[in-house]
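The data below hold one chain only, encoded as structure tokens and taken in the form predicted on its own.
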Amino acid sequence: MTIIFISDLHLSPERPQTNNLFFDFLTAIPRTVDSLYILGDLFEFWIGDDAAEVTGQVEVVSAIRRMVDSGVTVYFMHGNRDFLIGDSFAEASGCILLPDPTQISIDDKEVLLMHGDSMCTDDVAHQEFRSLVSNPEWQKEFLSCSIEKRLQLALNARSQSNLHKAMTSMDIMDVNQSSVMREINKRNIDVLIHGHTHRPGIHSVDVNGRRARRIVLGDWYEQSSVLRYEGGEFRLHAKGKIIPSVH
């Protein structure tokens, strides 16, 4: 069994080099791979399935479709940038949409998949934003706006997000350890895989005398981070190197 996990690619026509890196990555995936999991923030922003052509993301959708048609199952979980991806995207790309969180079994391991931002509870501003945009009424109102207006609102939100990150410490924007331990404990899992924080690593977590692993996927701004499960082992790559486990 070979499974690949990625997140936080933040694909955008404004960064064609990263888009091309993603296309090359998909082309290079052996067709012996069973599945690809995308754990959120595939796109820099997504303002609705009806706007993919305007925002220049049709080529990405088509590339994923080719991967699915080749026999690789592709799963997608929403991130905080592309939470508006819907059924039309899934149909066009062939992706299977997953709720956040999702628990799966890999061989003898119970694995919890998350985007990760729900555990960043110290970042109060982000949690307020997350609560707002996850509201179905807010989403309905936003999607009723014209594509042009939605695009402008998304660009404004991105600017505010960049300002927030510049003014907030990395520790506050990282996951809260109590939240991590709570997720591991209540689901009795062996491995937690998430993205969002852009801080790739493999961490050992002790919960009530039981050891689990937390694997953090890196971003694709600079790291092109990829996690592979093969031969019974997880191997995390970032910047072309294998990230060592923390024991």
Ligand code: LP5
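Nothing here was measured: the structure is a model prediction, and the numbers come from that model. The first residue of the sequence shown is number 1, and the count goes up from there.
The same protein also exists as the form predicted in complex with the ligand; that form is not shown, yet it is the one meant from here on.
Visitor: Indicate whether the ligand has at least one heavy atom within 4.5 Å of a heavy atom of Met114 in the predicted bound form.
Guide: Contact with the ligand, no.
Visitor: Ser161 near the ligand in the predicted bound form, any heavy atom under 4.5 Å?
Guide: Ser161: yes, in contact with the ligand in the predicted bound form.
Visitor: Hey, in the predicted bound form, is Lys165 touching the ligand, heavy atoms inside 4.5 Å?
Guide: Yes - in the predicted bound form, heavy atoms of Lys165 and the ligand come within 4.5 Å of each other.
Visitor: State yes or no: in the predicted bound form, is some non-hydrogen atom of Tyr75 no more than 4.5 angstroms from a non-hydrogen atom of the ligand?
Guide: So Tyr75 does not count as contacting the ligand.
Visitor: The ligand in the predicted bound form: within 4.5 Å of a heavy atom of each of Asn80, Leu84 and His196?
Guide: Affirmative, all three are within 4.5 Å.
Visitor: To verify the annotation, which of these, Ala125, Ile106, Ile147, Leu97, has a non-hydrogen atom within 4.5 Å of the ligand in the predicted bound form?
Guide: Filtering the options by heavy-atom distance leaves Ala125.
Visitor: To test your reading of this chain, name the stretch in 28-36, 202-210, 176-184, 46-54 whose heavy atoms come within 4.5 Å of the ligand in the predicted bound form.
Guide: Residues of 46-54 come within 4.5 Å of the partner.
Visitor: Between 93-113 and the ligand in the predicted bound form, list the residues on our side with a heavy atom within 4.5 Å.
Guide: Result: empty, none.
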